[in-house]
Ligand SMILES: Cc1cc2nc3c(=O)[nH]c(=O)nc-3n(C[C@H](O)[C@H](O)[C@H](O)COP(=O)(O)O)c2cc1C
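Here we start with a single chain on its own, the form predicted alone, put down as structure tokens.
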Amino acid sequence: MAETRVLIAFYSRTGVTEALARGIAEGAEAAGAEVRLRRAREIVSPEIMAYAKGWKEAADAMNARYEAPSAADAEWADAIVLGTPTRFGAISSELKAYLDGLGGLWVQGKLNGKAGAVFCSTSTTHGGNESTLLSMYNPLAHLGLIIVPTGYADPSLYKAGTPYGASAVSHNQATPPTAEDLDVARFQGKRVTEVAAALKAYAAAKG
């Protein structure tokens, strides 16, 4: 059986969601996956970015570390894991723009049967992490992915995260994810890899 391929496509402004993405990548790689980490790009002008201190500098640094996600990445992957900071309780426009560009694959049915999962970060404790995660299930369903929640399938979920996906709270200070948050992220990476591998084996057996 070929190696399981996992795409982690995320948007991050201050590095909090990026840290969760890296935790998920660690878990996926530990489970034997080949991982592509991709950061969605800004859709606003540098003039708009200048209103938020450090935004452009952080974006430039992350863009140097990660390629932008592409439709080819989604087609390549056996599992697609999406991450975003919450924007008014829902997905960021930057990551949504990437998803909106997958219509060509959708119409051809090329994403049907892949594993899908989500994660997010918020600035405040009740800032919409669960509503954001649940809202991200909608495009996964439309694209034909098989949604893989974290559930309470690991002891780490009783300390952090949500049953819908890994999460972190930055307390309006870009506070990095806690050790417990990252435990959930690593478990999520492992879980989605194992499910994707099983789906891939089933598809191969069907011929």
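The first residue of the shown sequence is 1; numbering continues from there. Every value quoted in this text rests on a predicted model; they were computed, and no experiment measured them.
What comes next is about the form predicted in complex with this ligand, which is not displayed.
- Judged by heavy atoms within 4.5 Å of this ligand in the model of the complex, the contact stretch among the candidates 133-141, 69-77, 107-115, 83-91 is 83-91.
- In the model of the complex, none of the heavy atoms of Thr193 sits within 4.5 Å of a heavy atom of this ligand.
- Remark: Arg13 counts among the residues lining this ligand in the model of the complex, judged by a heavy atom distance of 4.5 Å or less.
- Looking at Thr17, you'd find a heavy atom of it within 4.5 angstroms of this ligand in the model of the complex.
- At a distance threshold of 4.5 angstroms between non-hydrogen atoms, Gln173 is in contact with this ligand in the model of the complex.
- Shown here without this ligand, the chain has Ser121, Thr122, Ser123, Thr124, Gly127 in 97-128 lying with a heavy atom within 4.5 Å of that partner in the model of the complex.
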